[in-house]
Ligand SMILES: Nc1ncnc2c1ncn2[C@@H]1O[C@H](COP(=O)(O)OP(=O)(O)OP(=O)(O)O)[C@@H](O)[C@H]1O
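Shown next as structure tokens: one chain only, the form predicted alone.
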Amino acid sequence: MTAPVLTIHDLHLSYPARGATGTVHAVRGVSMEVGAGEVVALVGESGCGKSSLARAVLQLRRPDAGRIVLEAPDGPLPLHELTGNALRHARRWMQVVFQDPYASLDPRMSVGDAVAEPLRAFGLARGAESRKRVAKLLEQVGLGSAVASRFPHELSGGQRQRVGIARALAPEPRIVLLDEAVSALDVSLRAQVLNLLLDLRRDLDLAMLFITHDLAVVRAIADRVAVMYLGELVEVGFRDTLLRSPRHPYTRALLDAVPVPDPARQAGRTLVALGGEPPSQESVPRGCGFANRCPLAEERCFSERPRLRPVDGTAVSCHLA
């Protein structure tokens, strides 16, 4: 791994439960790093805390505890401590691409104005210089400068997502967070956008935290994979190692849920079957959060919480790995 651009240490984030007096423990003790020019895929079921982690990194939701440090060109920025103008200026170095390209653009703003907005917000360019940089950004994402005068309703879903990527690149960030950024696109457009992101990663040495539930996307774009369950990381490792030899039963179950296109191979697979439902995040279990669904669980799993530890090239949070 290259030198870390983003370092997260023992991060906790909770919300008041809707319509109740309890607390939703969305992120519980997460520690991870994203290196320069590296794509880390954060995967897991809906509701496991992936987007909450992204919101904490972006400081859209202040964490309850933990540290988040971003390496900016002028030195490390402790995002968890910053407020006001200091936080506003720090946000130049971390940008986001949202899931829905239809909802993430203002329908009343032209493409050129949307891409130029970060340049104005951070005082980077105005007037002719801004228009020049917008044209370059649109060329960079494969749209062409002529698109600047068009409005979102005149573009396809794939084109809109490219506009979102151009907007994220405008302030020259160190890291981009992509929250299910291709899930709303059809398969052919998804491949095009993923290839674009890989080219940008290479050309700009750009770090990316890619949040997804789609393991096909993970195979296409990730360098490393972090698997999340019930607000915790249960396995972290290099893509090929983790996908070839998963060590955590939950990672194995995620991979088993993806069908193989060869009927003979599919019929010969030995699959891990999961029963039950994930525990409520309002009443987190004392031991392993996955124990009530795990086919291998033993008494220790229900009473003692496992911690991430190195096992054969990955880090695994499992007593039995």
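The first residue of the sequence shown is number 1, and the count goes up from there. It should be emphasised that the depicted structure is a prediction, and the values quoted were computed from it without experimental measurement.
Another form exists, predicted together with the ligand; not displayed. Remarks below refer to it.
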inquiry  = Just to be sure I understand the contacts: of 219, 150, 213, 132, which is the one whose heavy atoms reach within 4.5 angstroms of the ligand in the predicted bound form?
reply    = 213
query = Within 4.5 Å of the ligand in the predicted bound form, heavy atoms considered, which of 47, 285, 66, 278?
reply = 47
inquiry  = Please determine whether residue 26 contacts the ligand in the predicted bound form, using a 4.5 Å cut-off between heavy atoms.
reply    = yes
Contact of residue 71 with the ligand in the predicted bound form (heavy atom, 4.5 Å) = no
inquiry  = Check residue 104 for me: does it contact the ligand in the predicted bound form (non-hydrogen atoms, 4.5 angstroms)?
reply    = no
ask   = Closest heavy atom of residue 223 to the ligand in the predicted bound form, within 4.5 Å or not?
value = no
query = Along 171-194, which positions have a non-hydrogen atom within 4.5 Å of the ligand in the predicted bound form?
reply = 180
